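Take a look at this one chain, the form predicted on its own, written out in structure tokens.
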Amino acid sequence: MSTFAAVVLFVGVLVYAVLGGADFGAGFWDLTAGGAEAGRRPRHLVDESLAPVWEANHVWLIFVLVMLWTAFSPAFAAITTTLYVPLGLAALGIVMRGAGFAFRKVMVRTDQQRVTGAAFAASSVVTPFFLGTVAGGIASGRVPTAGHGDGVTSWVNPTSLLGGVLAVLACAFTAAVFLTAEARRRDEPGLETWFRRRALVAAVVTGVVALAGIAVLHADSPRLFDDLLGRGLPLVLLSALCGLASVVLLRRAAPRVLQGLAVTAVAAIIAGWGVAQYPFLLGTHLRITAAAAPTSTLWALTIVAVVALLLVVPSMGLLFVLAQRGRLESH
């Protein structure tokens, strides 16, 4: 039962990483789009693409926090009392991002739009970075079972910094592929080329950092390195193949094929981390079974989670379908 709860928890992590990652990555391209005139059209496409879904994706973050808090409360306490700095900064980034995105639409003066736009774009980069450092701290075993670990070295270390950088790059790559597909759907060849070039650059940079990361993990987290290149290797290879295929097919494939390949590339590497981490919740010192709540609590939580998913998944599916068909665009 505890393993099942852990799988449900990790599925929530995976879905948030993919859907939320695409949103954060759009903010990355907003930040790097250039001046007001040069970046006007890319920013408009980012606005139009994000507006219907940007807030909805955070439901998966809430789902993950509730599952972790209720089903694995010792791990939740250990993580929050050790990694409170990056978690706090990520939460601040989420708030600033939402405020910046919402207020940019209603501001009239150009200088006000620049300030709110900068808040949205900068926090879209900062937030995934700190969430990536949290993942690195957990995976490398720097969160003690009793909590209250080192507030600095738990996330300022080679594995965590690698996780932060890869999170930002993966978000940028996913968003660039999604926005290339969206520009093609809207029959805007200029924007399609603009985002396609950036998807290629993001893919190359992500690949280079990932290859360099092999040496980083080998030196800093040998257990994670062994498991990723052991039982996690098929998923790592699947991620690499899908990423490569999405780059090769950027010019020709249908938008949904491109989006599917980008999603699979990100989801597979996250799943590879989960497989490498099993059967531990924290490093190699806190097993899933040791951190799990009593069976009766897990059963009650499972029932609540199933009901929640039955309500959320169809609703979000309808939201994404309407967004993809252009039925939610502002006029």
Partner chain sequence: MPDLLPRAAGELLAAAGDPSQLLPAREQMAFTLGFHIILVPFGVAFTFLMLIANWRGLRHGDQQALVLARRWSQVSAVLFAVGAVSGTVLSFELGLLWPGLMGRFGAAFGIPFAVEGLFFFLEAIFVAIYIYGWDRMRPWPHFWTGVPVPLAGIGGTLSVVAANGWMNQPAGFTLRDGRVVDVRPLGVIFNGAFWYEALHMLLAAYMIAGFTVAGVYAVGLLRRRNDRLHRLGLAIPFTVAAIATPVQIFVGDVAARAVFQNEPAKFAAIEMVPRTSTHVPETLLGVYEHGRVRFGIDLPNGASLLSGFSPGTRIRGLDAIPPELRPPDHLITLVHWCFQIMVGIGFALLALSIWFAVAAWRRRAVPTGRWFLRCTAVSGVAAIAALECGWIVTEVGRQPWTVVGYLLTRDAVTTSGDVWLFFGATLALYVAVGYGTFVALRLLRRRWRAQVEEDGDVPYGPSRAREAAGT
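Note that this is a predicted model, so its numbers are computed, not measured. Numbering follows the first chain given and starts at 1.
From this point on, the text means the form predicted together with its partner chain, which you will not see here.
K.L.:
Check whether A36 has any heavy atom within 4.5 Å of a heavy atom of its partner chain in the predicted complex, and answer yes or no.
P.N.:
No, A36 stays farther than 4.5 Å from its partner chain in the predicted complex.
K.L.:
Whether P234 contacts its partner chain in the predicted complex should be assessed with a 4.5 Å heavy atom distance threshold; does it?
P.N.:
No, P234 stays farther than 4.5 Å from its partner chain in the predicted complex.
K.L.:
Does its partner chain get within 4.5 angstroms of any non-hydrogen atom of P222 in the predicted complex?
P.N.:
Although its partner chain is absent here, P222 would stay clear of it in the predicted complex, with no heavy atoms inside 4.5 Å.
K.L.:
Indicate whether its partner chain has at least one heavy atom within 4.5 Å of a heavy atom of T153 in the predicted complex.
P.N.:
Contact check for T153: no, nothing within 4.5 Å of its partner chain in the predicted complex.
K.L.:
Within 4.5 Å of its partner chain in the predicted complex, heavy atoms considered, which of V275, A56, A267, L31?
P.N.:
Contact check passes for A56.
K.L.:
Only one of N157, Q259, T80, T145 gets a heavy atom within 4.5 Å of its partner chain in the predicted complex. Which one?
P.N.:
Of the listed residues, the single hit is T80.
K.L.:
Its partner chain isn't shown here, but in the predicted complex, which of 238 to 246, 214 to 222, 67 to 75, 157 to 165 has heavy atoms within 4.5 Å of it?
P.N.:
Within 4.5 Å of the partner lies stretch 67 to 75.
K.L.:
With the partner left out here, if you bring back its partner chain in the predicted complex, are V8, V208 and A271 all within 4.5 Å of it by some heavy atom?
P.N.:
No residue of the spot touches its partner chain in the predicted complex.
K.L.:
Hey, which residues along 85 to 103 are within 4.5 angstroms of its partner chain in the predicted complex, non-hydrogen atoms only?
P.N.:
V85, L87, G88, A91, L92, I94, V95, M96, G98, A99, A102, F103 sit within 4.5 Å of the partner.
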